[in-house]
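Single chain ahead, by itself, as structure tokens, in the form predicted alone.
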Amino acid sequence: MTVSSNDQLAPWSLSELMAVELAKRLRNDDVSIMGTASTIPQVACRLAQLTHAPDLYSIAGGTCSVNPNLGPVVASCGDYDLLRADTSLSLNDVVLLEGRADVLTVFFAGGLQIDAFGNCNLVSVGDWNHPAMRGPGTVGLPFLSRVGRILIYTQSHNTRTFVERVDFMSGPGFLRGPADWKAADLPGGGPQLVVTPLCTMGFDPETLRMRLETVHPGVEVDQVRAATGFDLVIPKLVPTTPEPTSEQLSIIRALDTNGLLKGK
């Protein structure tokens, strides 16, 4: 936990910083969707709605609730408390919407593995016949290729999570690079952002490989490089991620009265 220079009385956590970084990328005309274990994106969406994007629509995948009130923040999008929302949809309607490139503009994604081109794996790690680890399955990730922007988040930044090539592609990013991406002619915009406890990353417009954008306060570039299992594109100058402001923290803390984000 770090003490913010904006307010010495308001220490912030890495999870709160990650929520702020995601919120910055949300626009007023966005329609976003997230999966079950999505506490950080939940907070990011509500923070954006209460600041710069009041008309943002947010769909919580587990309950299919639209614009949940989030007071208090819950650990899972499958929590019944999220039904305190503007409305809720049927699961069938949500699945149909996920296939509509003209409706959904943002998909929050993650995985057991994430590779250099932003492909995500939620299925299995290791040999397919004898996997070392099994995940929950593809869930909604196959629809990533149809949404406008993919925002990836993970609370694990190590060489097991960030690999050169995923063992199973359950959520397509930029596939295997520019040639595959161009040949596929997919309607979506591909991955745009990756937020971790160490840094914020984007993608090089030419190679489509993951590129370091900022390092979080107290983190060194070499630390990020060592924790990443592929050659990360690193610019000559890498700025530090801005700390959360007092206003942002006040909004987050008013929502997160159980402190789910504060201690991580």
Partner chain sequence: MNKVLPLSEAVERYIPNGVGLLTVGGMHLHNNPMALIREVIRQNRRIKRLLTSPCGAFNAELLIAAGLIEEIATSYVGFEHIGLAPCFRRQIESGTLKVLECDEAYITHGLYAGAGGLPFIALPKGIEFTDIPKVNKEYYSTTTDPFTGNQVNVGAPLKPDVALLHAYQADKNGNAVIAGAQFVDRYMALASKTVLLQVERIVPTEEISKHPQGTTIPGFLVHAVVETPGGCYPTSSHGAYDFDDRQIAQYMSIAKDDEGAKGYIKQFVQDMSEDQYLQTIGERLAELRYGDGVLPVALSERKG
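Numbering follows the first chain given and starts at 1. Here the structure is a predicted model, which means the values were calculated and not measured.
Same protein, other form: the form predicted in complex with the partner chain, not shown, and the subject of what follows.
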item	value
Segment assignment from 235 to 243, 195 to 203, 63 to 71, 220 to 228: heavy atom within 4.5 Å of the partner chain in the predicted bound form	63 to 71
Heavy atom of Ala179 within 4.5 Å of the partner chain in the predicted bound form	no
The partner chain contact at Val163 in the predicted bound form, heavy atom, 4.5 Å	no
Any non-hydrogen atom of Gln113 within 4.5 angstroms of the partner chain in the predicted bound form	no
Any non-hydrogen atom of Thr36 within 4.5 angstroms of the partner chain in the predicted bound form	yes
Contacts with the partner chain in the predicted bound form, stretch 169 to 195 (heavy atom within 4.5 Å)	Met169, Ser170, Pro172, Leu175, Ala184, Asp185, Leu186
